[in-house]
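Single chain ahead, by itself, as structure tokens, in the form predicted alone.
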Amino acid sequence: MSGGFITCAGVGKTYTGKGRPVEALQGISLACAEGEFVCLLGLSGCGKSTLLQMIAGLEQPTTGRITVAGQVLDGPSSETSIVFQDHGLFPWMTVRANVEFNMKARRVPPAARRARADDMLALTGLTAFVGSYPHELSGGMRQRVGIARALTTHPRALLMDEPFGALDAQTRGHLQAELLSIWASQRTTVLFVTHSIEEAVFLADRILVFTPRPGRLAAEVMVDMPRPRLPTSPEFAAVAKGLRAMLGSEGGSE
């Protein structure tokens, strides 16, 4: 498949070990345009996170090919940055040091690191907490630090693996709105893994629905609603109902 900033062509993943091989993904072909917000939606264990990690270059596909910005992927790409459900902050580092970490690893000069970190801290509402440590922050604030860190390297694609899944509903809703604001200002391509139907409908331009393992693409749903979207609106409810039917009775409830 061609024509996208990120493409997957016939991508599959099989894990082999001492026991019987486990096929996690089968025949995934997709394309994501630059600046698009795409949600990967499916039940837990369907391979969504595995696909995201392969697009991040952290794992290799067993079959098929992944390209980012026209280049066949054979490891992590400088064009992407990933945010996990576990924020992955270093507990011994301050907020500023955590946010600057990726840039320091790339040997960005100190003055440039600081300026870029300041911009991303302001964007994520963390300026007042630059000297704080992760244990002094709420779960939502720690995730904002993780997002700020991911954005410091100017990624053209932000890969997000259920980043709000462990948060309470109120904090999750607040961060969803913040993420959309950040996306609108940065216009970074976003691939967002979730098992929540409501989250996918609230966030995405397009939703890719996965089958249970082995994960395959079951459907592609365009979400043609203006933002901000109201979960109480009939239009929102209609899209959510259709997705729930696709996933079955266990699909995606909060």
Partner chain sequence: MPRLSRLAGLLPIVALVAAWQLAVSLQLYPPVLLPAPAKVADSFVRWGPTILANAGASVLRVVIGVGLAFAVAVPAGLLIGRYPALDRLTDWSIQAFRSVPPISLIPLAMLFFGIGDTPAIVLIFLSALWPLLLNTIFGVRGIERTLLKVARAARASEALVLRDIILPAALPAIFTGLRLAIGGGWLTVVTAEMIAVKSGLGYMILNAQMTFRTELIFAGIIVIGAIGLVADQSVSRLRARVCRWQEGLLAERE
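Positions refer to the first chain, counted from 1. Just so it is clear, the structure is predicted and the values come from calculations on it, not from any experiment.
The next section is about a form of this same protein that is not shown, the form predicted in complex with its partner chain.
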request  = Assess the spot marked by Phe84, Met93 and Arg142: is its partner chain within 4.5 Å of a heavy atom from every one of these residues in the predicted complex?
outcome  = yes
key: Segment that reaches its partner chain in the predicted complex - one of 85-93, 179-187, 115-123, 165-173, heavy atoms within 4.5 Å   = 85-93
ask   = Which one of Thr211, Thr62, Gln53, Ser29 is close to its partner chain in the predicted complex, taking close to mean a heavy atom within 4.5 Å?
value = Gln53
inquiry  = Please tell me whether any heavy atom belonging to Met225 falls inside 4.5 Å of a heavy atom of its partner chain, as the geometry stands in the predicted complex.
reply    = no
ask   = in the predicted complex, does Ala105 have a heavy atom within 4.5 Å of its partner chain?
value = yes
query = According to a 4.5 angstroms non-hydrogen atom cut-off, is Leu58 in contact with its partner chain in the predicted complex?
reply = yes
ask   = Heavy atoms within 4.5 Å of its partner chain in the predicted complex: does Phe129 have any?
value = no
